[in-house]
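Coming up is one lone chain in structure tokens, specifically the form predicted on its own.
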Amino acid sequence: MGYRAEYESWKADPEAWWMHAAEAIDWSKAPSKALFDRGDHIYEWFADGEVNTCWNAVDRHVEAGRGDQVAIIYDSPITGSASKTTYSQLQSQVASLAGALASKGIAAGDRVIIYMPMVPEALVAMLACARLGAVHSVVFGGFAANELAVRINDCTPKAIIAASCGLEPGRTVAYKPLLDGAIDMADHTPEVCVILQRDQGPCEIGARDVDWHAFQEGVEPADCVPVPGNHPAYILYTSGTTGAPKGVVRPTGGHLVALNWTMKNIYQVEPGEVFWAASDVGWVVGHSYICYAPLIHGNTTVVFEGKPIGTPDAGTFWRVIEEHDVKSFFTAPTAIRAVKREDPKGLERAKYDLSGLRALYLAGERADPDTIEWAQDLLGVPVYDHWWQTETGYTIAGNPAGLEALPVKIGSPTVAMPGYDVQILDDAGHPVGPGTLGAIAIKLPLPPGTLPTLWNAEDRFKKSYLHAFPGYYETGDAGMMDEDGYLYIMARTDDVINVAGHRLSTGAMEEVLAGHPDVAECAVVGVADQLKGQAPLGLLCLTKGVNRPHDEIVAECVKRVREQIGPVAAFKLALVVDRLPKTRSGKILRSTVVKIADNQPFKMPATIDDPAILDEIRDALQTIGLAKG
């Protein structure tokens, strides 16, 4: 069945469609039906079924005779080490850690925080929690102590599993002082902290701490514990507009069903093949596509401890793909832009045989056409932009290449996946026609695996996602749809700027700027303007090796926007900067730039990669008359 037929099949009978998809999962007790309507726009999926995530991700593959298949490839150019873990070995490691956790009284429903770098033990910890039905909350390794403390208070973990340190190019980040500081700040105290000692930065083991290996000595391995289909698999905190993080809840049954479906139909891999998502377990991509989906589907997953450049060079991605025969590769546009900026002619790529690679998948932020075209030309494979959120856990709109590869329209993540009825709404909540910019919303109910609520915050869930457009989930993104049903994500809703009464997309301007041959990366924000209300400001990062005068490049960029978008954009302000302020996952901190430019107070973003860059941005803005305060 092709995409259109599959989508229409889902739309005609969602219940039957999802029940059929659920047959690919091993249930301890099969669900009697798919959807459970709890009233007031609250929904659950497969709620009366019983299932275990770890069984589906590990044990069933061993039982099926595939225990010798590699489950995890660990590749760490930072330490110069690599390893392979088979499904049988993974089963033994996970059962051992789960047994140790059980010996401390941790059972189904208890929370465990995981504060780990990109090492295989991070996945072992996640799966050990899933084995017991414990609810894990992975916090990005090296997160500031106060941010970790907020999460400790919110989910009240019985245990924390951490490493002694994480590694960045040229530096070691000590985790233990941050962990101890967080526990000292928090109102809640965990009963035990399990510490994985790393040779690159061992730490002191305190009174409440236990060594990873010593913790597991002499314990009985734990069996998988079935849990209801609506049981929380994990909590993942995402930044909230109020500054308080939102605990996105992932339900077990729907998570298994939906992720398993995506591996073949979207990422076009068969069980046994190697899939690589170059992300971090602290982010949703790491949850869905480093840990769970590849293992549930019986793939080999890559755990990569490195960066797209500098570990050791801009060819590290291509080396990993060749060395491990990666079939599908998933990363953020930011990572590809970093490679492009460092190696614009793609000289490093020529050193490697990438003939096994089928496609590159991009998500996490808007993928500008220039980056997609560069990657397509360099790799000689399709580049598929796709769009989803922490809240959904997997693709809202993408190109279902494993089902049917649809024509790529550069600038669009293609079409809505089965389960998602995506609509473009005006401010009053009415659908708008093709080509019209509006708020992107999804008709309820959301599909299996998406968030049913926020942890201990149902009212906040409703206010954040359901109140703006009754009967719809508000994505917070703005965009449009064309006559073929292709979606275009233009900006976050708050990045649509109003210039003299005209609603303009900053994303459209960024596309134009990114097309300039000297611009490697850019961002456009709306800053306060006394006459027009808002005016667009462009921040430009140049390609390595460009030595032309900056004012020439700025003038050319202003001219490009005027020619390609029109005078209505009133695009006159732009400046060259060395780097853009970003989160660790690669998202550009546009709203923070706006506040600096407009002299407004702001809270230091918890996820910022390097706080020092904000001072650089302020100094640069002052040269063009902004950020005067």
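Each residue number is its position in the shown sequence, starting from 1. Since we're looking at a predicted model, the values are computed, not measured. Just so we're on the same page, rigid core means the largest C-alpha set that superposes within 1.5 Å between forms.
This protein has a second form, the form predicted in complex with a small molecule, left out of what is shown; the following refers to that one.
Between the small molecule and the residues 102, 335, 542, 432, the one pair within 4.5 Å by heavy atoms in the predicted complex involves 335. Checking 328, 91, 279, 85 against the small molecule in the predicted complex, a heavy atom within 4.5 Å turns up for just one residue: 279.
Heavy atoms within 4.5 Å of the small molecule in the predicted complex map, among the stretches 164-172, 103-111, 345-353, 198-206, onto 164-172 alone. The small molecule in the predicted complex comes within 4.5 Å of no heavy atom belonging to residue 402. Among residues of the shown chain, residue 572 is one whose heavy atoms approach the small molecule to within 4.5 Å in the predicted complex. Although the partner is absent from this view, residue 502 contacts the small molecule in the predicted complex, with a non-hydrogen atom inside 4.5 angstroms.
The closest heavy atom approach of residue 141 to the small molecule in the predicted complex falls within 4.5 Å. The Cα position of residue 64 differs by less than 2 Å between this form and the one not shown after fitting on the rigid core. Relative to the superposed core, residue 571 undergoes a C-alpha shift of no less than 2 Å between this form and the one not shown. Once the rigid core is used as the reference frame, the Cα position of residue 147 differs between this form and the one not shown by less than 2 Å. In summary, the C-alpha positions of residue 373 and residue 562 diverge in the predicted complex, ending up at least 3 angstroms farther from each other than in this conformation.
In the predicted complex, the Cα positions of residue 397 and residue 565 lie at least 3 Å farther from each other than in the form displayed.
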